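As a starting point, one isolated chain is supplied in structure tokens, in the form predicted alone.
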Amino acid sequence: MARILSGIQPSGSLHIGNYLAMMKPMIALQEENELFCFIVNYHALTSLSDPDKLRKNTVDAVLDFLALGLDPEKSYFWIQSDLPEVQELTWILSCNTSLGLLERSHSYKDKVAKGITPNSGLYTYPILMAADILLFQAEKVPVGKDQKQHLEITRDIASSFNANFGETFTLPDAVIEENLAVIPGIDGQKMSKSYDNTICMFEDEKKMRKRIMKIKTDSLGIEEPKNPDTCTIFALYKLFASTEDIASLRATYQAGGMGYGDAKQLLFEQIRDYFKPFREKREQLASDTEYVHKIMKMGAEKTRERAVQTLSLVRKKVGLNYL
């Protein structure tokens, strides 16, 4: 049984890209692994300064996970800010992390290059991420390719600490799904909240359909044959449809006679129907806020017990337990 950890930012509404790339695989892992899954709202502060949105997005993310099948009994599920231990460990690690290591972070440079206003939180983001991982002695951390360097930084921080203070932290391994296709947004780019090109799982159906109808396509006419392998609509459709339905739509594309508007309608119906049972469960959960708050309180208490174990060891190693 492996100890696996991953988190997701509530910087915006979670979308089908988040579901396919992170949420669905993580939920599947809870059956045969020790799973640590959390909402990283501290990290979201680097890009989101609206307190009302952050509160709403955090609760919405909790509802999304629970509705999609994350079982708090089978996993450790919590909100990052509910565990003060992560901030203490972040400070201790900060005092043992060289500036040179942070200066090599590609992610920080890329965000600044894209016009994001830099702040010290964005700069030290890798240390907070390292604290998240090391606090629970995670063995495997599923990440996207863009987060691979952050895992390498985490390993460097842990190795340096272990060398200075003795064996303390498990060195985590990144788990990168090489075969996972990039999930396109409505503009054809990678689906991302940053690009405002997402399709959200649980938004109002009219809004979802309107969003899908905005997917960019080429200018081929209805009767003309179309290439399914270069079409964003088809790329999204095959992520949710059955093998038979995919083959049928492919044949229709190649034969001609279908407009992109009809293909978009098929995509909308496919996504709507796929998430229908999850939507119904989410609506039930959202109507019982007391139950959801109870779940999160229990999750924080359960997870904190593990956090305290590691932090107590770290405090002893660095000399903070002076009694």
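Don't overthink the numbering: it's just position in the shown sequence, from 1. Just so we're clear, the structure is a prediction, and the values are computed from it rather than from any experiment.
Just so it is clear, the following notes concern the form predicted in complex with a small molecule, a form of the same protein that is not shown.
- Contact check for Ile157: no non-hydrogen atom falls within 4.5 Å of the small molecule in the predicted bound form.
- For Ser98, no non-hydrogen atom is located within 4.5 Å of the small molecule in the predicted bound form, even though that partner is not displayed.
- Among heavy atoms of Arg304, none comes within 4.5 Å of the small molecule in the predicted bound form.
- Although the partner is absent here, Cys200 sits far enough away that none of its heavy atoms falls within 4.5 Å of the small molecule in the predicted bound form.
- Picking from 188 to 196, 213 to 221, 89 to 97, 244 to 252 the stretch near the small molecule in the predicted bound form, with a 4.5 Å limit on heavy atoms, gives 188 to 196.
- For a residue to qualify, one of its non-hydrogen atoms must sit within 4.5 Å of the small molecule in the predicted bound form; all three of Gln9, Val143 and Asp146 qualify.
- For the options Val182, Leu102, Leu171, Ile116, the residue carrying a heavy atom within 4.5 angstroms of the small molecule in the predicted bound form is Val182.
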